[in-house]
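First comes one chain, alone, set out as structure tokens in the form predicted on its own.
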Amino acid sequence: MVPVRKPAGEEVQVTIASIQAERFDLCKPIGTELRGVQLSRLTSGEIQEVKDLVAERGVLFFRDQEMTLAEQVEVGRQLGELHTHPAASAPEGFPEVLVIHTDEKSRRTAGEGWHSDVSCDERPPALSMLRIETTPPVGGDTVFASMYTAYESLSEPFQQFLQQLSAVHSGAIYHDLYRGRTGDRQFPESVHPVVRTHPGSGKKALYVNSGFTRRIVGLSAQESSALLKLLFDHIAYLVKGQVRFHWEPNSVALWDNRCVQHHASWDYFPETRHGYRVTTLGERPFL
């Protein structure tokens, strides 16, 4: 039995199976912090409980997660088959790891702009686990948005319309983001449903994002552009479906790309922010 703090501060007792932790839901639709948990010490059964919870809550937060890179990769493997980023420069010996680093020499920061990780893949990522080791004195937060809430807040006729549509997700953005590292490589382009069903929760989620989604299949260019702008604005401005996380050294965020988008705030230049991400391979999106 672990305490859950309601928004008003009232604590109630609930059971999260065998994980002994303090659970704090940060807002009603999305975001839960689990305190007193060391991810690298969880059993396979407890890892499954974490996966079930993140499918429900979208993103989980953990503090004071001191672990080596090898331990982080091992936690990732327990979460699922690991995904290799198509344009990443990985640390030696860890091809599945994406280095997240921004400093005074950076021209951009990873994750700036609303997106779902690598949605251009035929089988896009499921879970992403980011551990930040070095944080700036101020700033550097990440905002997460629930795509369950984004979908559910639309009118029923509009939901039905969107369920009929598919969209093209393109990886061409990597040519600009990783200039000089990608050469002449061809990056994925895939067609996914505009609304997808989460295989764990069974809930429907909006699945277009401004980072990778380029056009709606079957619509004219004008219609596609107008519809995508409407959906991108809906996601960006739906504050009731968002939660903001302030990083501390050795904090971990674990989010589900099938039902969540995120946006990293680069408001700390020229300070340094540094960490590592491992990501699991998901299934092909389906309605």
Ligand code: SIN
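Keep in mind the model is a prediction, meaning the values are calculated, not measured. Numbers for residues come from their place in the sequence shown, where the first is 1.
Only in words, not in the display: the form predicted together with succinic acid (SIN), which the text now covers.
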{"item": "4.5 Å heavy atom contact, T142 and succinic acid (SIN) in the predicted bound form", "value": "yes"}
{"item": "Contact test in the predicted bound form: I100 vs succinic acid (SIN), heavy atoms, 4.5 Å", "value": "yes"}
{"item": "Contact of A21 with succinic acid (SIN) in the predicted bound form (heavy atom, 4.5 Å)", "value": "no"}
{"item": "Interface membership of V168, succinic acid (SIN) in the predicted bound form, 4.5 Å heavy atom rule", "value": "no"}
{"item": "Partner-facing stretch of 193 to 201, 155 to 163, 71 to 79, 114 to 122, counted where any non-hydrogen atom is within 4.5 angstroms of succinic acid (SIN) in the predicted bound form", "value": "114 to 122"}
{"item": "Candidate from A205, L127, I216, L130 lying within 4.5 Å of succinic acid (SIN) in the predicted bound form - any heavy atom", "value": "L130"}
{"item": "Contact test, all of I30, K51 and R258, partner succinic acid (SIN) in the predicted bound form, heavy atom 4.5 Å", "value": "no"}
{"item": "Residues within stretch 267 to 284 having a non-hydrogen atom within 4.5 Å of succinic acid (SIN) in the predicted bound form", "value": "R273, R277"}
